[in-house]
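Below you will find one chain, with nothing else, as structure tokens; this is the form predicted on its own, and questions on how it binds or moves follow later.
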């Protein structure tokens, strides 16, 4: 009987070892990085705490995915290298999906999307640039025609833009040699220079530009010119993850899709942006 029992126990243990392992991310403790300097997406409030759309949404996504999440601040220019170095496990920092970034990291389904353009002073000649909405994904020819029409307005001007962003890639592709393109570490820095007249326009997402306009330094600013989206500007804002963390991607994908489906993302984007930033299918 002893031999039979031992054989049965050994067989059961072998079966457990050979069975598919649970790769669920549930109950996993992770760190989520955000910039903390990109209002209203993410910023540090007057009490020194991280706040914004992505902090609210991140807490909701982690709850749905049954993840124990700690949010940490990380400078934008080191945000992807530090993810790859495993200083944290995910990024929620207004980061757009682009093919170039996808060579390095994975992205979940997009949780927000919106247009980009120019923030200028109200008394600037650039305030008279023609408007319109253009997609560099759905109508490249139309968007590039609108860009050509902007070049006489921007000739010799100084454009401020945050480094290592899709806004910088767009500005350099279409306006290098037309305008001086000045890089900044944060959007807050180029907003300050715009308010002081040291640059002629800031290139930014409309969502961030509107937040600047509502701040103390933005009362004399306005969004001018056309609104652009898609293409080199990205395919929506999403959670950035290491390529090997498939369990986290599965968990976050499901959480994002459910938050879109039940209107949570719309509610949070109306709270923080005053417009619906839910990605359109």
Partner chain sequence: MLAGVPLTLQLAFSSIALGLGMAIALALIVRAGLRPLSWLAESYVFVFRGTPLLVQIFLVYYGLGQFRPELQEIGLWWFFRSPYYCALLALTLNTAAYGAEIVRGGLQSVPAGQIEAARAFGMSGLTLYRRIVAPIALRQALPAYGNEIILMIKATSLVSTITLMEVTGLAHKLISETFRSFEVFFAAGTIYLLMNFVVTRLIDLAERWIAPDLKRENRVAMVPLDTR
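Numbering follows the first chain given and starts at 1. Predicted, not measured: the structure shown is a model, and the values here were computed from it.
As for the form predicted together with its partner chain, it is not shown, yet the points below apply to it.
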Listed residue that, although its partner chain is not shown, lies within 4.5 Å of it in the predicted complex (heavy atoms), from 133, 139, 77, 149: 77
Residue (of 126, 109, 168, 178) lying close to its partner chain in the predicted complex, criterion heavy atoms within 4.5 Å: 168
4.5 Å heavy atom contact, residue 198 to its partner chain in the predicted complex: yes
Non-hydrogen atom contact residue 144 with its partner chain in the predicted complex at 4.5 angstroms: no
Close approach of residue 121 to its partner chain in the predicted complex, 4.5 Å, heavy atom: yes
Contact of residue 189 with its partner chain in the predicted complex (heavy atom, 4.5 Å): yes
Candidate site 245, 253 and 275: all three near its partner chain in the predicted complex by heavy atom within 4.5 Å: no
